[in-house]
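One chain follows as structure tokens, the form predicted alone.
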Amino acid sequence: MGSTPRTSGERERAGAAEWAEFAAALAEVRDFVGDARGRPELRPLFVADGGVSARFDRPSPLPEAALPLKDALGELLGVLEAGYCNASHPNYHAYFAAKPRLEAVLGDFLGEALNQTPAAWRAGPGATAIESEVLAWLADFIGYPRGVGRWPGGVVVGGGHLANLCALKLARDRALGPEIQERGLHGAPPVAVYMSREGHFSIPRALDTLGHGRAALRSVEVDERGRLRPEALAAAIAADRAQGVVPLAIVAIAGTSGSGAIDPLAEIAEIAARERVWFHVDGAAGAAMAGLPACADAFSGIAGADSLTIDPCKWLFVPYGIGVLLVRDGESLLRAFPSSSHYWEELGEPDLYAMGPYGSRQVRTLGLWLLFRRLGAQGLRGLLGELLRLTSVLADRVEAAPELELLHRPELAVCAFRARVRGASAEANNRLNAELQRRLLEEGIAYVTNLDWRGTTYLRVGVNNYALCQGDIDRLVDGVISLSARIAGTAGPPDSRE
């Protein structure tokens, strides 16, 4: 450490020393990650010991003295070891994002190390070009139209929440006119956004953020599989128009977070076109599978959307921190986020900061670009197709087990089922499945979540690990059956009849 080098020789020596220290630390990180990913079943599915909780509750004092990188890294790895969600484990089924492909990790590392940004052409022309290309590839991959014109047909943001927020801003500007950007909502008419009751909480949050309020959301009824009912949607729009409410947008869900349900996109697209209402598809959790032959019917109509959210960190095997909003017209994003400043010289370059809510930002598409180039669309679809197959295997095993009950046949790689003791009350079976979820994790069998489906508790399994095999599915089901028998056996006889 010390003062800033004053000569080129001193600078070179300091740079060489810094690199040597970094290279040694990088080798340690490589070994740590290699062990975590290479033998994930030897680590707990989830651990958060008291030391980690104490750091959160009472952060340590600001470090004043310097510490060798090796020592600082050792402390950091120790904290991660003590507070670790093992997403690489073959029976990690808790959410949508499991371990990322290493190609994607490598691309993210490259972008971070070189500090490139696609926000402005002059700050990263290669990164900007890669991002534009990835947006086009994503559209092609899922069967959505590429953006027309010079500008990309979309924007990269930090996740699905922000992508949905941007989509509703586009819808608002079209419905209420571009002058709303200047005058704000004062004097604006009441608006409504329509989404199924199974939709994501990011939509009411976005309505709050945009100033319309959460009460602007109309929760539309769903069928027995959790899909929006088109007739209920049409009736809700008609009722609002009769009251002078402006329909702002229809949000269709392409893969609900709970059960993986896909709304009837083609029918909703027809209603949106007839009513002249912005049609947004929240495909954050499911749109990655839109291009699979097995999913073609379910995703029919997706190309008719004005905008679409997709999270590549869900089922496209890249790390957290990337969400994408695809749009039919990239110019609409330029109009929605006008940007200028006295210190910025406008040179007519493709500066992507003008297309979204960020200024400077990380480049998160280098890893996805590498993944597309390394595997190709066929390779990616092969991985996704295998996850669908394994989900079907899981559903088959559940249907064949008399002590288990399937919610319904999965459409995507999400399967919900429950253990059931015949003759036990609904409350007792709900308690059984809540306890099952806790004990499965506690005993290192599997990390699944609970799904409350209209008052009934299910185990929700996200089939999301590209390295998963059929034996992992068998271990999950066998573990659920064995553990539920143990739990039910210690609970005594059924407390009442269903």
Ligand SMILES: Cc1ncc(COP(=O)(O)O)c(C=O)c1O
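Keep in mind that what you see is a predicted model, and the values were worked out from it rather than measured. We number the residues from 1 along the sequence you see.
Not pictured, yet referred to below: the form predicted together with the named molecule.
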item: Candidate stretches 403-411, 109-117, 281-289, 381-389, one within 4.5 Å of the named molecule in the predicted complex by heavy atom; value: 281-289
item: In the predicted complex, the residue from T128, S196, N164, N86 that sits within 4.5 Å of the named molecule by heavy atoms; value: N164
item: Position in contact with the named molecule when the complex is considered in the predicted complex, options S202, N91, S259, S132, heavy atoms within 4.5 Å; value: S202
item: 4.5 Å heavy atom contact with the named molecule in the predicted complex for all of P100, F317 and R364; value: no
item: The named molecule contact in the predicted complex: G160, any heavy atom under 4.5 Å; value: yes
item: Interface membership of G255, the named molecule in the predicted complex, 4.5 Å heavy atom rule; value: yes
item: Touches the named molecule in the predicted complex: D263 (any heavy atom, 4.5 Å); value: no
item: 4.5 angstroms heavy atom contact with the named molecule in the predicted complex for F96; value: yes
